[in-house]
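This document opens with one chain alone, in structure tokens, the form predicted on its own.
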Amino acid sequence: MAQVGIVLVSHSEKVASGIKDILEQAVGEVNVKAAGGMEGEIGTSLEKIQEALQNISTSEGALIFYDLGSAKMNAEAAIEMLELDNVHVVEAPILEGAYLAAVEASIGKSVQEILESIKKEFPEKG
């Protein structure tokens, strides 16, 4: 069953891969990619985000969770450059938001249903 994809964009490779590990261990099989750090340094890489988006199934849509402002800017630029539809940068805490999205994606919810759940759970961000 195809499910909504999740991309984790962090300034730290360890943070992005750690959250990916949490999602995979807690939720099970999820459609998630980590895009963190810049060549062993702190920062975000437009190329890593594009690669993650190209290597994740986006047929059901995808959600991008990020940690800091420049990560959001790079995520938005990657979506625009790749001309992707139904891919959304989400205003929610990276760990809690991605966890909620992973649980809902794992039970077959649509990208729009997941976005609504996130807005309800994190109204101050959404």
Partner chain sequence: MKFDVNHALTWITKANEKIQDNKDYLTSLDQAIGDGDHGINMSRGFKETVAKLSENDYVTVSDVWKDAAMTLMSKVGGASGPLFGTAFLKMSMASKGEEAIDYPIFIKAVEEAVEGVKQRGKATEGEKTMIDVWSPVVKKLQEASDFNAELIRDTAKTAMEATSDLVATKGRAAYLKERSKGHLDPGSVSSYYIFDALADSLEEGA
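Worth saying up front: this structure is predicted, and the values here are computed from it rather than measured. Numbering follows the first chain given and starts at 1.
If you look for the form predicted in complex with the partner chain, you will not find it shown, but the lines that follow are about it.
The three residues 93, 100 and 119 each lack any heavy atom within 4.5 Å of the partner chain in the predicted bound form. Heavy atoms of residue 74 reach within 4.5 Å of the partner chain in the predicted bound form, making it an interface residue. Looking at residue 26, you'd find every heavy atom of it more than 4.5 angstroms from the partner chain in the predicted bound form.
Put simply, residue 39 is close to the partner chain in the predicted bound form: some heavy atom of it is within 4.5 Å.
Interface residue remark: residue 80 is counted as part of the site for the partner chain in the predicted bound form, having a heavy atom within 4.5 Å. Residues of 14-28 are not found to place any heavy atom within 4.5 Å of the partner chain in the predicted bound form.
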